[in-house]
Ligand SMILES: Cc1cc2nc3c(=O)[nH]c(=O)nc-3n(C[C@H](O)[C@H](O)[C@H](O)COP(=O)(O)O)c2cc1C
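We begin with a single chain expressed as structure tokens, specifically the form predicted alone.
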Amino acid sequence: MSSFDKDSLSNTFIVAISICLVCSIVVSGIAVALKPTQQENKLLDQKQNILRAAGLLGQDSNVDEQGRDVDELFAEFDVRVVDLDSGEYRDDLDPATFDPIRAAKDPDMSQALSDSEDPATIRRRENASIVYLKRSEGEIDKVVIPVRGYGLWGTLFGYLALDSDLQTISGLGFYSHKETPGLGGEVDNSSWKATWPGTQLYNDQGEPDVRLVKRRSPEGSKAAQYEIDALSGATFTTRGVENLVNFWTGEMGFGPYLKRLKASA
């Protein structure tokens, strides 16, 4: 009778394959079990970014000054899907499941942009997107819109918030980008973000006219109300932020919706 050779090549392969299978099953099981938690954390992070852009939540806090948490604060928002061309609400799309970024990749749900139409360098623009609308005593208080555009190394994704007049910027924040730390990465700097509130969005012709400049116009001048400090040493990121803000609040972005909303206020 031949003896069992535990060190044979075939037995080594069997053991290795068995270990790989067991590990794969364990990892897959953990991934499935953690998926609901990951989804909850992703949704929580999204809510925090929206609230912080709107100035309703501190940058490093999970509750406001009255002790209200993220879910309680976010519950005050009406979340709707908007047709970007007409500016009208799309009741046939569920904002809880609709993904504008995914829609932008679908030719049936988006449109290709020419170079002249695409200062934000997004290539395709979704036909519909999501808005976050907060009212106070029946009147518009805050409107938050998703924005994105190319910087130096990749696309910046964030939220832009407007005050009740739909003219004054309430805040801007990015939740994802690939910009260089210490340079373009300063879009995350709380001091720089704190300079956005109060900036005027539309000029006398009704066109978005936000400008990121190296040298600000004299305080109190008409030009100064549209200006934000450029990011030092980050020309491409600075240009990208300026372009994406003006694009998404213009005619190809949420401009038609904001005009309709202002007319109905």
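We number the residues from 1 along the sequence you see. All of these numbers come straight from a predicted model, not from anything done at the bench.
Another form, the form predicted together with the ligand, is not on view; read the next lines as being about it.
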Exercise for review: Considering only heavy atoms, tell me if Leu152 and the ligand come within 4.5 Å of each other in the predicted bound form.
Suggested key: yes
Check your understanding: Applying a 4.5 Å heavy atom distance criterion, does Lys214 contact the ligand in the predicted bound form?
Key -> yes
Check your understanding: Within a 4.5 Å heavy atom cut-off, is Asp163 in contact with the ligand in the predicted bound form?
Key -> no
Review point. Is Leu183 close enough to touch the ligand in the predicted bound form, meaning at least one heavy atom pair within 4.5 Å?
Key: yes
Exercise for review: Choose one stretch from 217-225, 195-203, 46-54, 231-239: the one whose residues place a heavy atom within 4.5 angstroms of the ligand in the predicted bound form.
Suggested key: 231-239
